[in-house]
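This document starts with one chain, in the form predicted on its own, laid out as structure tokens.
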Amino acid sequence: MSQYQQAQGGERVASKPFDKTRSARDAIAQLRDGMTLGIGGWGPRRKPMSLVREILRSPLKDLTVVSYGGPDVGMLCAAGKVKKLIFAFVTMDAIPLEPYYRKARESGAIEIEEYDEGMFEWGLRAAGMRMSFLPTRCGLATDVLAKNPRLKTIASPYADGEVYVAMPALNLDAALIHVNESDRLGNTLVRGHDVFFDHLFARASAHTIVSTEVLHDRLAVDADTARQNPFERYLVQSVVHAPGGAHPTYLGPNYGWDMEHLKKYNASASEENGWQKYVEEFISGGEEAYLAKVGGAERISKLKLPVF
């Protein structure tokens, strides 16, 4: 795209670069009921929680959520936003089973489509490659095949004749991803030691919303930092500046998880009207109020990274 536009009288003047920045409310307002929504990160890592909280404040409903799940899945289930969940696990690690997901699963409140972790990754890769499926050995000789009637096997057309699982593509209408840094054009930097899967969600999706800790006008990417740019900017439609946006999950190397908050959230699932109380205390007032409630940016920045 040209950096210049024609002014009246024929003079060529510099135009502004394509600015993809939006408020969280405006970005989430682009989503529609019934969409298939992918959520990046995994478990209690790198979750785009500020965007999830904005969905909780919105009227969105009947979502099919695709996620290596953590509290993102639990909160959306608790709020009645989820019609169907496509997943490999839903956990907060130190708290093994996400409590509100467990309630939804045990009560039959949601439809489920469960995959082995490797199969789930292969489904995202297939979608990103615009393939209808990819063959994999993952899931063979397990109950994943017995419990999921959608799955089929396929024989190799070559002399070996090996039989594989034909993992279907997990095509997404939209994806939410939280990154360490972004610019207004949608270039991103994803740092840390466990930066898995986000690029797969971006490529599997027709519409990607990125939230970011640090927002630049334009990133200057050299050979070293290019390794931290896992997906192309053309895949990004919206950029939301959201410092602390992964809280209470962790975002290496910026901050660790907030185990005190996660324990409080977990305990609320056992309390009478616990979800409603959590929403009133932490969600309803908006993101600025949320950050103040959890101790502010300074406290979040001092949360220690977990060691595995």
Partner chain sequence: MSNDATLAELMIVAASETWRGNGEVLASGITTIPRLGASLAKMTHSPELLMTDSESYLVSEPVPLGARGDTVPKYEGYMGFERVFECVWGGKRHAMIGPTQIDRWAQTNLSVVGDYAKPKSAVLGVRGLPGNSINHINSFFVPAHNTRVFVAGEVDMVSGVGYKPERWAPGMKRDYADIRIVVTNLCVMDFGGPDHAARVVTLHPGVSFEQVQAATGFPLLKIDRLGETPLPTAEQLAIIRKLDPHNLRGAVLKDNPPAVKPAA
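None of these values were measured; they are calculated from a predicted model. Positions refer to the first chain, counted from 1.
The discussion below concerns the form predicted together with its partner chain, not included here.
- The listed set Leu215, Val221, Ala206, Val163 contains one residue whose heavy atoms approach its partner chain in the model of the complex to within 4.5 Å, identified as Val163.
- Screening Leu189, Ala88, Ala169, Leu185 for any heavy atom within 4.5 Å of its partner chain in the model of the complex leaves a single hit, Ala88.
- Contact annotation for His193: at least one heavy atom lies within 4.5 Å of its partner chain in the model of the complex.
- Shown alone here, Ala146 lies within 4.5 Å of its partner chain in the model of the complex, counting heavy atoms only.
- Among residues of the shown chain, Ala141 is one whose heavy atoms approach its partner chain to within 4.5 Å in the model of the complex.
- Contact annotation: Arg53 falls outside 4.5 Å of its partner chain in the model of the complex, judged by heavy atom distances.
- Partner contact region in the model of the complex: 110-118, out of 110-118, 234-242, 175-183, 70-78, criterion any non-hydrogen atom within 4.5 Å of its partner chain.
- Contacts with its partner chain in the model of the complex, taken as any heavy atom within 4.5 Å, map within 248-283 to Tyr250 alone.
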